[in-house]
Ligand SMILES: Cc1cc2nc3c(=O)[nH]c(=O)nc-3n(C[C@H](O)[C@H](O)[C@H](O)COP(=O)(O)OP(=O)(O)OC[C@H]3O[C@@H](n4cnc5c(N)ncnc54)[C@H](O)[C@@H]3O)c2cc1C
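Shown below, as structure tokens, is a lone chain in the form predicted on its own; questions about how it binds or moves come after it.
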């Protein structure tokens, strides 16, 4: 497999990398551990449009750039190096744009165009307190009532939830465990409520709990009928998992760069600590892990870009890359010594941020079960 970049890809990535370092990084530092206000979050997403970040993956027929997933992964990698929080907001805009084809024709002008112009923020709501990894346990219910569905229930861990102007909601329409699940577009004006969740890290972006209390939505807002939603969403998750892996590795590369810089500045026993064997070996291990994680993610993205199902490759890449990223950032903190846990040095923030990635888009354990199922054919749920 050839994972080298085309001249066009290299130019896009290099140009965006410089922009992210000069323009996005200062903003990220200003709002470190503080929620970026929605108007500023939208302004940032609008500025990113020129590079195709976020909604650039949208098909050209909808007004997007139709960028391949490998390019999108590389852009998200560069963005996560300077701000994993902003990268997550972009990831969700990307996820929403991948579902544009499911939006009913009569609603497209009200939702697709504003997302592509960074005038609206959407999100996808799947997870619940009692239905995280086991999606078939979704209990958020959509009940028929005349020309509407009346929705009751809660969703949890919804990225961009508090920012959202609308939600692509996975809800239960009947009691069939899988066949009863459908996807419906719920506008903020329909009456859902949100509250942000405080976490150990990544608090500059919105992660929310969403509440539906007799929320009335027109039946014409149905995107995927019951029985058709899960297959589409599973394909969607498979396409985003290697990108999530690359985002975590973006944090890891930033941490490695900080560790290298610190090892050259910090002196002990009359020389920089980079000159000590233990430190030098540790840096070598970190760089090797980083490269291994990237290669796994690139393989999965290459599979997707060739139009093939990537469930196994994506599951492998996601858990491997996110766990390696945690190890790399942990080692970066260790190289900093006690300084590594102070807010004066960026590795402290990176440590808190990267630790969340093994949970997102399916936990490490769930990814391993997916790989195991591919080997045995036996479902463990």
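Here the structure is a predicted model, which is why all the values come from computation and not from measurement. Numbering follows the first chain given and starts at 1.
Omitted here: the form predicted together with the named molecule. The next part is about that form.
Undergrad: With the cut-off set at 4.5 Å between non-hydrogen atoms, does residue 365 touch the named molecule in the predicted bound form?
TA: Taking the distances in the predicted bound form, the answer for residue 365 is yes, it comes within 4.5 Å of the named molecule.
Undergrad: Taking heavy atoms and a 4.5 Å cut-off, does residue 13 contact the named molecule in the predicted bound form?
TA: No.
Undergrad: Would you please decide whether residue 126 lies within 4.5 angstroms of the named molecule in the predicted bound form, comparing each non-hydrogen atom pair?
TA: Yes, residue 126 sits close enough to the named molecule in the predicted bound form that at least one of its heavy atoms falls within 4.5 Å.
Undergrad: Find out whether any non-hydrogen atom of residue 159 is located within 4.5 angstroms of the named molecule in the predicted bound form, and reply yes or no.
TA: Heavy-atom contact with the named molecule at 4.5 Å: present for residue 159.
Undergrad: State the residue from 71, 207, 194, 239 whose non-hydrogen atoms include one within 4.5 Å of the named molecule in the predicted bound form.
TA: Contact residue from the list: 207.
Undergrad: Only one of 272, 180, 132, 218 comes within 4.5 Å of the named molecule in the predicted bound form by heavy atoms, so just point that one out.
TA: The option sitting close enough to the partner is 132.
Undergrad: Which one of these stretches, 78-86, 150-158, 299-307, 102-110, sits within 4.5 Å of the named molecule in the predicted bound form when only heavy atoms are counted?
TA: Heavy-atom contact with the partner occurs in 150-158.
Undergrad: Considering only 348-372, what residues come within 4.5 Å of the named molecule in the predicted bound form, judged by heavy atoms?
TA: Contacting residues: 356, 359, 360, 361, 362, 363, 365, 366, 369.
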